[in-house]
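One chain is shown next in structure tokens, namely the form predicted alone.
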């Protein structure tokens, strides 16, 4: 029996699809009844156990002793991949940590497919690393080595926006010139491609793919910008200290605002520096909150609040949040324009990259007949408005934002291995 799969290892969420023999590919249940799983791990210090996805986040937020990690995809291709880090009672390299997460997916894949699945198409962004050709190659090679180490023997890669296109192509009744807009947690990727019910049977789609482009900006960067501008002042950012009225160092606030760097913020040298500054602070009541976050490893909880606020502001214009995990329970008033102002520069860079894709394809925006939005960050109103304005003649398809890449990779696996 021929069995193949597609795996979308995402910065924020992951999904997978399986194709058994000639059957239609389907998404796997990766966590309970969910076809997606947050790309997160929690290492429990007491039991020396590892938990994944929503369970990992719940254990951290409940205050269990251990280390919470997410956004590991962003480490691929960087020098951190060669480093070791303390996780509970163990010292592990980052490739081992990523392999633990992907092994959890493969185990569920094998159980639901009722066989050891060895053929896989794995999704990748157009660029793992922006303006870093060697880092980009290194990232794919590292991900391939990890996939082989957990039992996959035949591995191919596909750009994530192309996979999303393949998933949507199954629903089309006529040929369309499409632009795929994939804005996930770590990257924004674009593809201009011809799709249609007859084209999907072609084994070689090179002539249908007119252009690809991508940039290493995504939802995690939006979280970072929003955190820095609207939340970090609550912890004393831009306050002053000492007789010379120096501004407190900003680097610690940037570390606390980036998912892949939060654990480094808790380093003893950062705590020692913050303690010294507190003794000279002109706003000790505010700056003391920073030390409370560092002492109690509350960075993930704070950034989780930022992320939830970002998502809430896609549905409402104003928001009042109380940070009840801090001892004095400070509150912050937020509004949609504050969030949009914070991310405007990143959104502009994303738009520049999208325009580059259209130029490379030699296609004008008004020629696009279908835009396919995938990735959680395409839910942001500012981005949706810009897409609607840019492509005035296009139908917009924006369902299955978190799982379409995984399903499309399974369709591609069927085409390649079937």
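Model, not experiment: these values are computed from the prediction. Positions refer to the first chain, counted from 1.
This next part talks about the form predicted together with a small molecule, which is not shown.
Checking 228 to 236, 247 to 255, 310 to 318, 276 to 284 against the small molecule in the predicted bound form, the stretch whose residues place heavy atoms within 4.5 Å of it is 310 to 318. Not one of 172, 191 and 368 places a heavy atom within 4.5 Å of the small molecule in the predicted bound form. Although the partner is absent here, residue 402 lies within 4.5 Å of the small molecule in the predicted bound form, judged by heavy atoms.
Contact annotation: residue 214 falls outside 4.5 Å of the small molecule in the predicted bound form, judged by heavy atom distances. Although the partner is absent here, residue 380 is a contact residue: one of its heavy atoms lies within 4.5 angstroms of the small molecule in the predicted bound form. Proximity of residue 219 to the small molecule in the predicted bound form: non-hydrogen atoms within 4.5 Å are present.
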